[in-house]
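Just one chain is shown here, as structure tokens, and it is the form predicted alone.
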């Protein structure tokens, strides 16, 4: 199986270790993983700010870079949701549609495509809480959102349950937005910060030592909020935990 590794801009710039963990984790399953060096942004920041037409060149480059792979995998629910739902500034040729349909976020790829049953190398003997990114939760169906009257499920928690020694604590409002919201945090900084303060306080009250998430963007926001409040939380991407991170 040939997999194209899509590493989001903010991961590449601020948390490259998340991209490395994703690569290593995928290779543990015997996959042929390639990182196209010409890749750039998926176009989400432009689309979020209403400049969708201006994202056309970026979208075309994305398709050019990731055409021909069996799957495209990224450690970000928000970027994958952008590709699957909003990569529409360019003509929807069969090539474009194929790339969009084959793009998966890491958790859903492991859970739904590879159907991973065990992670014998993974141990994380810490008390953690899980943060669901809004786009991952409601956009690509990582878990059941609390406002939906349906049986509970959670793909990330299913995978984390296979990690030795981990203890998951539940926060009071598990699928409430943390306030990052991409450009929302720029246009509404005070509201964004207050939402972040509420979120990290919820994690702390639950007794978590670590906050785990499938999106580095949310964790960067919450880490800043926690530091400002003096809350001693640590943050780690789920790719690192599933890959056997020693923390």
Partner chain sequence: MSAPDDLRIRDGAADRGGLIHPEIRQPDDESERGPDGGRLQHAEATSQPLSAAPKAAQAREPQPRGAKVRGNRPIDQAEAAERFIAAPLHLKAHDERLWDLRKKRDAVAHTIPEWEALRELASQIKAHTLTNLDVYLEQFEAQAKANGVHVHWAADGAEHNRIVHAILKDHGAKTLIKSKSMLTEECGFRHYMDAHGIEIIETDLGERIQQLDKEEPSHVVCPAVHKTRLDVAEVFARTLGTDPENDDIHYLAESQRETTRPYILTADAGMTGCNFAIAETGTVVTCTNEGNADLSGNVPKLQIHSIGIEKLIPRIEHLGVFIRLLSRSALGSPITQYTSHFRAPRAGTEMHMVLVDNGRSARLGMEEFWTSLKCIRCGACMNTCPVYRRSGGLSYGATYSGPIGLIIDPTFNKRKYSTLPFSSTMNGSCTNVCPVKINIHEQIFAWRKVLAEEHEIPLVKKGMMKAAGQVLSRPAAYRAAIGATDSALKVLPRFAVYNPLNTWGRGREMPETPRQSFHAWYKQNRMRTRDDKTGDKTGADKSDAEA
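Note that the structure is a prediction, hence the values are computed from the model and not measured. Residue numbers count along the first chain shown, from 1.
One more form of this protein should be noted, the form predicted in complex with its partner chain, which is absent from this view; the next part is about it.
- Annotated contacts: 161, 193 and 205 all touch its partner chain in the model of the complex [non-hydrogen atom within 4.5 angstroms].
- In the model of the complex, its partner chain lies farther than 4.5 Å from every heavy atom of residue 111.
- Although the partner is absent here, residue 210 sits far enough away that none of its heavy atoms falls within 4.5 Å of its partner chain in the model of the complex.
- In the model of the complex, none of the heavy atoms of residue 30 sits within 4.5 Å of a heavy atom of its partner chain.
- The closest non-hydrogen atom of residue 46 lies within 4.5 Å of its partner chain in the model of the complex.
- Scanning 27-57 for heavy atoms within 4.5 Å of its partner chain in the model of the complex gives 27, 32, 33, 34, 35, 37, 38, 39, 40, 41, 45, 46, 47, 48, 49, 50, 51, 52, 54, 57 in sequence order.
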